[in-house]
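Take a look at this single chain in structure tokens; it is the form predicted alone.
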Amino acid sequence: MVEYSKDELVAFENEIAGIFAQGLIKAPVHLRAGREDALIGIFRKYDIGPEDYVFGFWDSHELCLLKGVPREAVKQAIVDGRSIALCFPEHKVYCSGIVGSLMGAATGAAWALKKKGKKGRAFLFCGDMSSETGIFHEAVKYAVNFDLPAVFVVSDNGISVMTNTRESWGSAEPWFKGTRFESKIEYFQYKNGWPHSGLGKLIKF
């Protein structure tokens, strides 16, 4: 991983927010705050490096930076309108704005790494409600059953856009708590300091 402090990650999101507020980014932007320490801790725990794959979704600014994508490259991609689908193949970073779209891809990458005897692991980062999808369950189950070099990271901010996660789940805990699938899952809770998308106010372009 590339070392970033919490303050540096916060500063990056604030900078992007300032650019978006000026109407200079003509595409959706999903900002995050409050999970910096958890993400830094996970990247350090697993010593995520150049040989590892990182898959994320529409809120992946921090993931790109921690994976080693140059700061200015991430910033330019966001300004160019690719905030929700940041992809940097040369850094093994793939993100998508479509829920669940990369869970099978992450498991496939892990399968290929194991099959070919290569170094590296696949890390899939998603939210609490995304972890409820069928493809998440299938991907994790396959990775567990075949002991693939994959880790699924679930960032739980308690809401799905504007819907309360616990009310939707009908449970205080995610489905995988207390199951054998937890062996492939890193889970943490946080409170997002930003709205689900944008700044929570109308931006004129």
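Note that the structure is a prediction, hence the values are computed from the model and not measured. For every residue, the number given is its place in the sequence shown, counted from 1.
The same protein also exists as the form predicted in complex with a small molecule; that form is not shown, yet it is the one meant from here on.
A.B. asks: Using a 4.5 Å cut on heavy atoms, which of 78, 85, 93, 99 is close to the small molecule in the predicted bound form?
C.D. replies: Filtering the options by heavy-atom distance leaves 99.
A.B. asks: Under a 4.5 angstroms heavy atom criterion, identify the one residue in 159, 48, 151, 65 near the small molecule in the predicted bound form.
C.D. replies: Selected option: 159.
A.B. asks: Tell me whether 55, 107 and 184, taken together, all sit within 4.5 Å of the small molecule in the predicted bound form, counting heavy atoms only.
C.D. replies: Negative, none of the three is within 4.5 Å.
A.B. asks: Does the small molecule get within 4.5 angstroms of any non-hydrogen atom of residue 120 in the predicted bound form?
C.D. replies: Outside the cut-off, so no.
A.B. asks: Using the partner position in the predicted bound form, report whether residue 129 sits within 4.5 Å of the small molecule, counting heavy atoms only.
C.D. replies: Yes, residue 129 sits close enough to the small molecule in the predicted bound form that at least one of its heavy atoms falls within 4.5 Å.
A.B. asks: I need the one stretch from 70-78, 107-115, 85-93, 120-128 whose residues put non-hydrogen atoms within 4.5 angstroms of the small molecule in the predicted bound form.
C.D. replies: Result of the contact check: 120-128.
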